[in-house]
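So this first bit is one chain, no partners, the form predicted on its own, shown in structure tokens.
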């Protein structure tokens, strides 16, 4: 036997289990979904690269043959480091109210100043996260500056405190057009309009601060800190400008814990250069750029002309929980299953911080290639995240000469988010399909099992323990293989029932047909005996009469069994005391078998059953006759009546030979006899126990024959159902 065959023989699986195992094939759907999502991600990346390159080409086309936008003044050409400030050309003035809506509506962006802009830090303080967002713009003769400060503990200036820097404050450093370095501090005692204080460049002279009414602003407290908008005369600002935020957390000591910004502590060299991008270039970029992209316009000397857009704008495309709730049932199911998905699928990465938020020079290799006249695209990973930055660069031409380059950047955050949502959607659909198909297969398998079990039960009940056919009900009208099987089985049982009926009626027909020739033969023998026959003929006549007598006995026994079967079909049941029937029968056996001893054991109380008392007596006659025939000489025949809660057991015992294994299984079938046949004795057709089985079935009783365990012998038990209404 093969290994598979041995395993199959040891592991027995039901049809439902097999169909459930087959349904596990559906688990391949998530794997297919994962592969499909990966392929879709590749296509989205290619499309994204094409879209970014097309954006760069469109912007470059719009800037071709406009060299004036790429010509830098002397101080613009000397842009330095990360402290450089680009002031946007504002189309209208900013209202000083502490709200930043005006800035966003005019296309301005807040610049993040974070860890790399920490100027001072207390030894016991943690490295500050991003705490300062900043934007600058110019309109007419004014320079505007906006600040969004994230500070959980605001400390305002105390009215009794002389120093203006003993509280949270903004520092301003200006290199005036006439070459003078000036320092200002903006702090307040409460939210509202503010005026800057001019302080000496020497930090020790802060106590002698004086109001500078030309620098006005508005301090607006927020949930995370405060917003500050300032307005400065443009004529006051020269080539260099810088801002910084000084954080004070302890209102008692009022010591500065950290300073973050673009202004250094020493001299005008620590200030960043201030420049205003050409408004035409900024307008072109804003009109052609896509959401979620960052566009760099770079001059031939790698100097940044302008920059627009933000890579973090892609976050706005992500649906939030409310949107998912409004998208329908599947989206709500995904929201419920998302914690489960997170156990096996990490969430899509998010861009928490704008990468390289600001730089006066673009150091990417794409710009170098574009400035050499080539159109290139490249990717670079963001450290610590699976997000990549896709950069496409396109040269800007004027008179067949490269005067600049356009670099368009976009992150793969949106693609990864789409891939994540697709995997979750496909996984939800796969789980839903697996659940629906699994339930359907389980229900279908259950239906098949029920039908097969019903057919099995009907097949087992079609033939009783005596080999007789019962009512056939297995036929099914279902138009499938099981229905065909049930109908074929029913047809076979019908034909078998007809044949059995023919056999059962054969005995009656034979007895009827044989009685007439037997009577003719018997009358012939009677007439023959009146004649004078030779003496040697008497022997043959006597043998013929004996054979004729045995033949008549056989016909009588066959007729008796047939008559009993008919009588059982027409008999009416009654409630009677089986104890009285058994006791009366045993008294009769003591008279009929005077040479035998009968031991009777019955309870004192009556035992009521439903049936026919005469049939019970006939059944007991057959059992006792068998016991007497097989009992050892001199042994007693035991008859016991025992009561239980729901049944009454009649037991007939005898001592003698044991049952042979070959006869145990067909002991109660018709024409089964184990008696040795002696010459001259009445023939035994094996109908006694068959009649016992018929009577037991009529009374819904169970009859068994087995060897005795106390002595060598046999006992037969008939378990009759006891009437529930029996008070005993």
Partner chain sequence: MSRLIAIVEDDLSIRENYADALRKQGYQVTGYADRNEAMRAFQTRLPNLAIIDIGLADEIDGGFELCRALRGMSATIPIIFLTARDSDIDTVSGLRMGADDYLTKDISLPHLSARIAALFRRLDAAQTPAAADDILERGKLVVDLNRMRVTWADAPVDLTVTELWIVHALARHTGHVKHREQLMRDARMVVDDTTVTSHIKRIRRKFIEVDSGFDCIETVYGMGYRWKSE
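Computed from a prediction, not measured in an experiment: that's the story for all the values here. Residue numbers count along the first chain shown, from 1.
Same protein, other form: the form predicted in complex with the partner chain, not shown, and the subject of what follows.
- In the predicted complex, the partner chain stays beyond 4.5 Å of every heavy atom belonging to residue 539.
- Contact annotation for residue 585: at least one heavy atom lies within 4.5 Å of the partner chain in the predicted complex.
- Looking at residue 287, you'd find every heavy atom of it more than 4.5 angstroms from the partner chain in the predicted complex.
- The shortest heavy atom separation between residue 160 and the partner chain in the predicted complex exceeds 4.5 Å.
- Looking at 339-347, 420-428, 635-643, 585-593, the stretch with residues near the partner chain in the predicted complex, meaning non-hydrogen atoms within 4.5 angstroms, turns out to be 585-593.
- Proximity to the partner chain in the predicted complex, defined as a heavy atom within 4.5 Å, holds among 556, 500, 253, 365 only for 556.
- With the partner omitted from this view, the residue of 524, 372, 210, 105 that lies near the partner chain in the predicted complex is 524 [heavy atom within 4.5 Å].
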